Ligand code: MN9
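The form predicted alone is given below as one chain in structure tokens.
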């Protein structure tokens, strides 16, 4: 699965009058392809998946697949509480030319048992017969995909990797140590270099939408053994993240930064709150200079 390694922006979803802004989405896809990204992760947490209707999730993926047109890779997030809803999204995704794999958060809210979580993923893998990447995000899902769970899932040939959004790098290393062919994506942008040091194959991240060049540079510096350079660029990225975290709504802050690029992304859907005028001024003052080489 070498072709699925690298830097994948977890695409944000643009809105205009609360509808999908197709032209903005196409523009961001094209802009990021020009930055040199490896692919896109579509309709995940960053894409406000659980604030979109079922049909909107399909619409977003169709737009992205059409715009990419096979030039780079696409991973479609199909997660839902219901196996049947996820399967419907999965059948749609796997039918689209250019979609290379599907991914899913574990079923949440009802405190499903480990047996039920494992069955959920095996049902997806068996019924779709398509590459599946489970999404380990304990902080939001309430479910930890442990090395033992991943080992059991990997007995199914269609389960190819893990999106690993956790700071438990011990688990990440244990997964890779016991299964070198497992494809692992680091999920926390601010810890990308740490994930690489524990053998992550690449990363999927939200701030990759507007500073993929930094993460690509970190990856290249790490691969060539230039750890000092990688650390310096990670610090630059984290300076941007620190400014975004000063706002009350990180999602709205990310969308505003894309506005600064010149692509109108609108506000996130309710109950997310919009930025204040002061927050926008702060971001324009602090963040835009830090992204000067990117904002062309």
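Numbering follows the first chain given and starts at 1. Keep in mind it's a predicted model, so treat the numbers as computed, not measured.
In what follows, reference is made to the form predicted in complex with the ligand, a form of this protein that is not presented.
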Taking the partner as it appears in the model of the complex, which of 59-67, 44-52, 25-33, 255-263 has residues with heavy atoms within 4.5 Å of the ligand? 44-52
Would you kindly say which of 204, 76, 200, 175 lies with a heavy atom within 4.5 Å of the ligand in the model of the complex? 204
In the model of the complex, does residue 189 come within 4.5 Å of the ligand, counting heavy atoms only? yes
So in the model of the complex, is the ligand close enough to residue 120 to count as touching (4.5 Å, heavy atoms)? no
Look up in the model of the complex whether residue 165 has a non-hydrogen atom within 4.5 angstroms of the ligand, and give yes or no. yes
Give a yes/no on whether residue 249 approaches the ligand to within 4.5 Å in the model of the complex, heavy atoms considered. no
Decide yes or no: are 15, 277 and 282 jointly within 4.5 Å of the ligand in the model of the complex, with each residue judged by its heavy atoms? no
Residue by residue through 129-155, tell me which have a non-hydrogen atom within 4.5 angstroms of the ligand in the model of the complex. 135, 137, 140
